[in-house]
Ligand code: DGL
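Presented below, as structure tokens, is a lone chain in the form predicted on its own.
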Amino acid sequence: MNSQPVGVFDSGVGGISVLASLMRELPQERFFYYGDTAHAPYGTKPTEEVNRLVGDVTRHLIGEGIKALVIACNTASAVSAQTLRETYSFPIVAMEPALKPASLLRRDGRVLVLATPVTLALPKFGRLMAHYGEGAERVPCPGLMELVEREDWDGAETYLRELFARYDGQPIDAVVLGCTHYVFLRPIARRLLPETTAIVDGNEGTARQLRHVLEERQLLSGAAVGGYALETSGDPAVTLPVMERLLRLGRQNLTAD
């Protein structure tokens, strides 16, 4: 039994959607979430800068006494996970766009992978496409995560409506939400897409993987009830209320699924 917190971080508030899934899967655990909002977005930055920012955040979370780390950001996972694993001995759970499960849902239509330009351009995603990318299409979405950061749901709906309009008349079997910010847009995407189109993200798989590694290393908490703390590199007076609202929304969305 281990009562130390699990560190969770993202370039901004999108990883809060992952935190909601982690809290549902592991309600007895304590989580320390860090949103690097002062430097968001990561998805349009050079990889060298992403590595530097991720290193700074990781060292900060180590100072909080974490027992494991969840990289709740597809871009940071693709760019920095391997380096972190080579540097630190504690468990590190990373994410990737959920193309593999989406590929299993494909019939004769397309699989659209929505993600940041950096995530889609990295060799790691290229390898994922090589294995599971039949019928899949990269769909870079610059600016979409910023709409979530601002809680601009109307703007996000307009963005997605215009994006999906490009595929009018073409069968879409699955849409992959390949950025943790986009998970908050699932209800909007569901309204805009045919009922036959599956919407897939990696949050639940990430939560299950965290449970697995904590069990494997005997790091599960024995507490009856867990908890969470939120921190931001941005303005706490502005960002923390947004995080709290999004956490409530994320947990409500999970209950509704």
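Quick caveat: nothing in here was measured; it's all calculated off a predicted structure. The numbering used is simple: start at 1 and walk along the sequence shown.
Omitted from view is the form predicted in complex with ligand DGL, to which the following refers.
* Name the stretch: of 193 to 201, 39 to 47, 216 to 224, 54 to 62, exactly one has residues whose heavy atoms fall within 4.5 Å of ligand DGL in the predicted bound form. => Looking at the other structure, the answer is 39 to 47.
* To do: Look up in the predicted bound form whether Ser80 has a non-hydrogen atom within 4.5 angstroms of ligand DGL, and give yes or no.
  => The answer is no: Ser80 has no heavy atom within 4.5 Å of ligand DGL.
* Asked: Taking heavy atoms and a 4.5 Å limit, what residues of 101 to 120 are near ligand DGL in the predicted bound form?
  -> Going through 101 to 120 in order - heavy atoms within 4.5 Å of ligand DGL in the predicted bound form - the hits are Thr116, Thr119.
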